[in-house]
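Below, in structure tokens: the form predicted on its own, a single chain.
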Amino acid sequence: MKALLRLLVLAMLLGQASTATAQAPAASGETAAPAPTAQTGTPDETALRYFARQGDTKRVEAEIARLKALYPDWQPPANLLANDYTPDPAIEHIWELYGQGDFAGARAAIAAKQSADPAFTPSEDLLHSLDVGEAGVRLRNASDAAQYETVVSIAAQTPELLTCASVDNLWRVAEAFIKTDKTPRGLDAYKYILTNCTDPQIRLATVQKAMSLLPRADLDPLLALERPGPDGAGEFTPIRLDLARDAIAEVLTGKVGKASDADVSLLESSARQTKVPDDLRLLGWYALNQKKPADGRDWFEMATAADPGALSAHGLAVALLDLDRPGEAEQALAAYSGDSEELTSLYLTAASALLAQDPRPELKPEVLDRIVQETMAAHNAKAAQELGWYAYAFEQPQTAAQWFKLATTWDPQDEPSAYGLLVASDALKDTQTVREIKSQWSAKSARIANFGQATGKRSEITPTASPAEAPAPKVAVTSTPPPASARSSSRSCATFVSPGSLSASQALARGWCLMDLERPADAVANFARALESSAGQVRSDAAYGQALAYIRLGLPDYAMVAAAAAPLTQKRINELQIAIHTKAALAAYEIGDYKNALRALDERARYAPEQNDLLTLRAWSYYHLRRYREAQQIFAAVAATGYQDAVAGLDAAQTALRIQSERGF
């Protein structure tokens, strides 16, 4: 059999073997590699005993295999460490150099021994071993230098190099065939290894090396040589999964249109069992690629359960958007919207789709608040535009106009935002703005040019029902009006002027003017321009004005940041803190976060005493937290001043206390 194997390998190297013949040898263990021609006489056991004394088990096994191949009738000594052998230190040194791969040194040592002992003759085994070792070095050097024809030539001349024990040589020969357009012979080399070598790691590595050089179709014959592992599973299962992943990745990169059902099924089965997040997400993206958003959502939900991070949320949001469920997509991305520009863009896409739904959804305050914050942070014109339409739909044309104005500031070429501003301005009877927009856009937009002419309609938008009122007490948020010097500026700020075209002082004055017109969104940009001033007073006024503008926009966090942009007087700091904490208390109360509402009121109390409206808010917060006794005390005190809004609260608190008493609390 071993002689047959050798002939097959030689034939393979010479290009005479067919695929069928290369597969013919049966598996016969690591020593089933091609053997040199059988020798006569007594084998040289010097190397074998030397390696045995060194404890080099691997080399002992290789040497036994080599000697048995040369001397088929030879049997290794039962005890390689027996005292019946007296080593020659000089010969052992030669084998030591051989073992280290120092073949030149070994030959020099032979010459030295012959010089010292003219009767010494090196054994044929030693000389042959050196020949094979040197041929191996030449083969590897040629392979590293991409001299593939030389690789094949050396291998053909030295078949002893092609053994399972020296599988690297076989891999290099296979590569040489493939790189010289002799792929079938390279494939035969891989088949030879898989047919004759039993080491699981070698077998797995062989297929992995083939994967890097051969197309998928050529790998199937190699995979067919798979053997079951100790657990009964195929030894190439990890490779099959890698191939399935690669096949799906090729679809996602546009190289092919569809992966095979077998690949998809294999990875699906594995992913369901292992819950590996990357596999779950890969299958999710593949499902989306194949226009199966429901399947994609399911995979990304499993990925989120296994790895609740931005990567899973990203895919899940895309799937939900494909399913036209923007509300869930917005929620999925809420925690990750600022992680990257891509996620911010996707979040705002989801938010815009949510705002644009028909009929308009009545969003919870916390949802609307985070959409506003992300829109402001990203200066996203599309989201600002949708916020404008959302406000307009709920009959808030003033707010709508501010958002549309902000959108056109961020993207002056955005026609939908300009149209929205036209519609909102028309609703507000702001004829000057309407004229300006039509003058600016009529040449570029037919609907703007024809607005109000073709149908006589003031707007193409049908407002929906008003959103439900939050059960919050009425609280007036006050702040100090702009400086008198600033308010003295004219109201000519109704027309748009780019803040960048103004001096810092002009922008400051314009910012206060816009505040007078209840256009805080526009004022923010002008105050930002004024903050570029080198004059300390202008910067201080601008920081103060910008903070006030953010407060009016319902963005207390931004107001706190703006207030820190320049030094402010203590008086202004107090005023802003009062307004900021008042806004924060209201916002918290509106979303049912009564603990934070009380916390904000406590912060505010550091700067000013609470009036009846805020005392009532505090009492209601206690009431919702079931702290009825404290609520009753505050309601009673406020009601005693004649503040009617506290009377209902007092009744509610007293009723709650009576029920508690009846129940024995």
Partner chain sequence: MACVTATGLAASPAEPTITAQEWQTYRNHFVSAEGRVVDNGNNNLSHSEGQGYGLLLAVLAQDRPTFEAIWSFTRTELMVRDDGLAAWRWEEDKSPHVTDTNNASDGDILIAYALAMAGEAWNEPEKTDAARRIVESLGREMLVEVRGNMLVLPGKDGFSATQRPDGPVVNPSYWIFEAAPVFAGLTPQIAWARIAEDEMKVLALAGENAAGLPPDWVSLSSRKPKPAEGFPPEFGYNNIRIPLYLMRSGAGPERLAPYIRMVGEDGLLRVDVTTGEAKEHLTEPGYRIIGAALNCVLTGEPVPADLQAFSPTSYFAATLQLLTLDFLRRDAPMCLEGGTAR
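Each form is matched to the other, and the largest set of C-alpha atoms that superpose within 1.5 Å is called the rigid core. Residue numbers count along the first chain shown, from 1. Keep in mind it's a predicted model, so treat the numbers as computed, not measured.
As for the form predicted in complex with the partner chain, it is not shown, yet the points below apply to it.
**Student:** Does any part of Gln114 reach within 4.5 Å of the partner chain in the model of the complex? Heavy atoms only, please.
**Tutor:** Gln114: yes, in contact with the partner chain in the model of the complex.
**Student:** At the 4.5 Å heavy atom threshold, is Phe103 in contact with the partner chain in the model of the complex?
**Tutor:** Because a heavy atom of Phe103 falls inside 4.5 Å of the partner chain in the model of the complex, the answer is yes.
**Student:** Considering non-hydrogen atoms and a 4.5 Å limit, does the partner chain approach Ala142 in the model of the complex?
**Tutor:** Contact check for Ala142: yes, within 4.5 Å of the partner chain in the model of the complex.
**Student:** Counting only non-hydrogen atoms and a 4.5 angstroms cut-off, does Thr150 reach the partner chain in the model of the complex?
**Tutor:** Heavy-atom contact with the partner chain at 4.5 Å: present for Thr150.
**Student:** Consider the chain as shown here, without its partner, and state which of Ala224, Ala305, Val137, Ala82 has a heavy atom within 4.5 Å of the partner chain in the model of the complex.
**Tutor:** Result of the distance check: Val137.
**Student:** Please pick, from Val256, Ala233, Ala564, Ala108, the one residue with any non-hydrogen atom lying within 4.5 angstroms of the partner chain in the model of the complex.
**Tutor:** Residue within 4.5 Å of the partner: Ala108.
**Student:** With the partner chain left out here, work out from 142-150, 385-393, 237-245, 186-194 which stretch has heavy atoms within 4.5 Å of it in the model of the complex.
**Tutor:** That would be 142-150.
**Student:** Does the C-alpha of Ser270 move 2 Å or more between this form and the one not shown once the rigid core is lined up?
**Tutor:** No, the C-alpha moves less than 2 Å.
**Student:** Does Ala350 move its CA by 2 angstroms or more between this form and the one not shown when the core is aligned?
**Tutor:** After core superposition, the C-alpha of Ala350 moves less than 2 Å between this form and the one not shown.
**Student:** Any CA movement of 2 Å or more for Ser129 between this form and the one not shown, core superposed?
**Tutor:** Indeed, Ser129 is displaced by 2 Å or more.
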